[in-house]
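Subsequent text provides structure tokens for two forms of one protein chain, presented individually as structure 1 and structure 2.
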Structure 1
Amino acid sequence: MEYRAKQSVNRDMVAVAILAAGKGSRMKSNLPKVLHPLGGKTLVERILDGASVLEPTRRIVIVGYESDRVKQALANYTHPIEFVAQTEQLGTGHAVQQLLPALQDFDGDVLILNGDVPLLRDSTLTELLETHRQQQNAATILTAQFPEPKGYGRVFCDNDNIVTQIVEDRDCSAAQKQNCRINAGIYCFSWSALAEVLPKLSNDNDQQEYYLTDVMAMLSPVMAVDVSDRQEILGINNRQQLATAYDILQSRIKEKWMMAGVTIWQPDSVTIDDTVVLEADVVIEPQTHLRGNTHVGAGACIGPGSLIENSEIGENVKLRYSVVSDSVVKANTQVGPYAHLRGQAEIGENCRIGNFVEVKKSTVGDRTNAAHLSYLGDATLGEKVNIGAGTITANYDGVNKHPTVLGDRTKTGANSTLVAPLTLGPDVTIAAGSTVTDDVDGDALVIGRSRQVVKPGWRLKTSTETVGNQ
């Protein structure tokens, strides 16, 4: 008996279920396969994000191996997630059977996704669901045309793309192996129809597993939808395939930004997470890497040889051979070469943070310069401050960190040491080589160094002169 989708099914409701119970032994890792990172997100996060275009009413992750780690990794996901346990991995059909209690009162469509297929485009998932609904199918299968389909199950259809048969590669006759349409393993079901037939699945096969594809013979109609880009259905089973997926993802991202008005010199040497936002006329030089929740303003030039992660870069910033993480650089500022901004550093407009300068958890006012060889930690600098070469804020006493405050237009001489906690008012000048330990109200010259001593005619005696005097 074939089961059809109920005409009364609520086509406005869709649940997304992700198969994420497997260990992924070919990854050679203790980390569950679905938690391996790809472009700043785990595989399972990337799949959840892709499915968000469908505005699902339910998001379900079927977990098994290291289920607690998977749950913990998704604990702060932007939408509520339900977890369903598959304590034994007995095939795809067995995994989907675990949804029966969770969805017993659900009346809509269910999209079944694999936790190791992270490159599906929004448009593909949208087409799959829309075709399923418009045709009122009991099931709709995502398929692809492979010129060399060896190893893949074949999907056979009539002229209307109605599925007539699915045959595993090892069971295909010589004639059947000429069929190039393969099963991508992505399905959309009317849940009411699927729930009727799931209990009927059998494991009477060589693998003694329950195959989800076996339900297709019990449902009607079942339709195939071909994906136009075969790369979308690439599965991740080992590190080589993970690297291939990363290359594909990077090509998509860089093509998108170049078409949006971003210049990327030597794209093959550049990596950009898809969480990064770039404005028009940004220039990305070679060997530059942009990661996490990073935003780069219009006209900025980043690189060569730079790493930026989770940071805000303002318009027309010039940043070369430098590392910026969890920080803000405002418009028209120059950074580098070889600067390091980290830990909520905030650099104002029209500043210069130059050669071998490190700024950590500090705020730097507009038109302030630290041109070279300095460390600013837990500091607040006003506007038009000038930091001389070799200046450091000694912010750590061995137990706690302490703040340093420099007022507007204050200047530090070369090799100044500012021992925190310390507050210097506006218009203070620190003499070169000074160690400053006391607060200064402002408008003052501070000299904190030993007086120079000169001893005319003194020189170090040689070893010969020392022996002769004995």
Structure 2
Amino acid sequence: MEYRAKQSVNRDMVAVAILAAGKGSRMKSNLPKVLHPLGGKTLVERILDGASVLEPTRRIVIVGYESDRVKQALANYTHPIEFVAQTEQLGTGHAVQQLLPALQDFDGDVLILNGDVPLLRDSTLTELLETHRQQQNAATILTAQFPEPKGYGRVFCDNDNIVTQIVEDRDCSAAQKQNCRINAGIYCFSWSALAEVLPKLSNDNDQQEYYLTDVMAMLSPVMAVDVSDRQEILGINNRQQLATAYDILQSRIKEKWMMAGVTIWQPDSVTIDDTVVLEADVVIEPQTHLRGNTHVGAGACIGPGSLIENSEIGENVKLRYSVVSDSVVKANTQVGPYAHLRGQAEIGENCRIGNFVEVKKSTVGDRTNAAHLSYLGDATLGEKVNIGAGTITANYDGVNKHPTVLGDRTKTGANSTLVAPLTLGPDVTIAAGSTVTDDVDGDALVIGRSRQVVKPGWRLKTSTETVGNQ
């Protein structure tokens, strides 16, 4: 008995359901498969983000294996998510059966997405839904012609792309295995039609699982839509496919930025998360990695050999061989080689943060330089400050961290130690080698070191050598 799609369903409503209950045993991991990261997002987040183009009214994630971990990972997702439990993983059809109570009163289309197919383009999902609605299908499924279809379900169509059945690879006869049209695991269903046939699934197959794909033979019409770029429907079952997906994603991201006016030298040695935003005329040098919520302003040159995470880099910044995390670098500043900025460091405009300098949770005013071998932690520096080579803020007493404040135009001599908490006003000059422990209002020279002592003719008592021998 076939069930025909009702014409009266509310075709404006879309619910998205993601199959994410499986363990993903082929990943050989403690982490549930859908929580594996891919370019700055977990697989499940990536799929949820991709589905947003359809403006779904409901987002449902079907969870099972380590469900608490999956729920926790999505706790702060940008849209509300409903979780539906599949306590035993008895197959993709069984997973979708768990939607029945949650969608009891739902009267629209449901997009069902495998939790391990993360590279779908917006345009593919939009076309799938549009075709589904225009043709008034009971189900519309995404398919592709794969030269090596092993492992995928094979889709059999009669004419006009109308699907007759889907047979899993392991259930295929030798003749059926010759069919190269594969099921991508991405489906659009008219929910009322699907809900009617879901209870009729059986597990009479090689894996004794309830296959979602078996509903196709019970629905009409079911239409297959071939995806034009088959890389989009790569399913992640093992780490090798995860790495392949990463490479595909990287090529897409770098191509997009190069077309938008960013120069990338040796793109194969560069990685950029798709959460990163670059302005025109940014130059990315080889061996550079840009991650997370990072923005780079126009004309900035990043690299070679740099890592930037969750940071804001201003216009025309030059940054070489350096690591920047959770920090801000303002326009025209030079960073590196070998600088490490972290923990909400904020560097002003036209600064130099140089060779082997670490800055943690500190604010540095405009035109201030710390060019060599320094550590600045929990510090606030005014404008035009000069940090002498080897200056260190001693910010940690073993229990607590303490602040250091340096006024405008203050200069620390080479090898100064600033023992926090410490406040020095503007125009203070610190003599080289000083250990500074007390606050200074400003406009002063501070010398905090013992005087040099010279003892002419002094020798070690045990020495037998004489001046004449040297």
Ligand code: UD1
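We call the rigid core whatever largest set of C-alpha positions still superposes within 1.5 Å between the two forms. Structure 1 provides the reference sequence; residues are numbered from 1 along it. Note that this is a predicted model, so its numbers are computed, not measured.
Form selected (criterion: the form predicted in complex with this ligand): Structure 2, which is the form predicted in complex with this ligand, differs in this respect from structure 1.
C-alpha of residue 179 off by 2 Å or more between structures 1 and 2 on rigid core: Yes: residue 179 shifts by at least 2 Å between structures 1 and 2.
Residue shift check between structures 1 and 2, rigid core fit, residue 153 Cα at least 2 Å: Yes: residue 153 shifts by at least 2 Å between structures 1 and 2.
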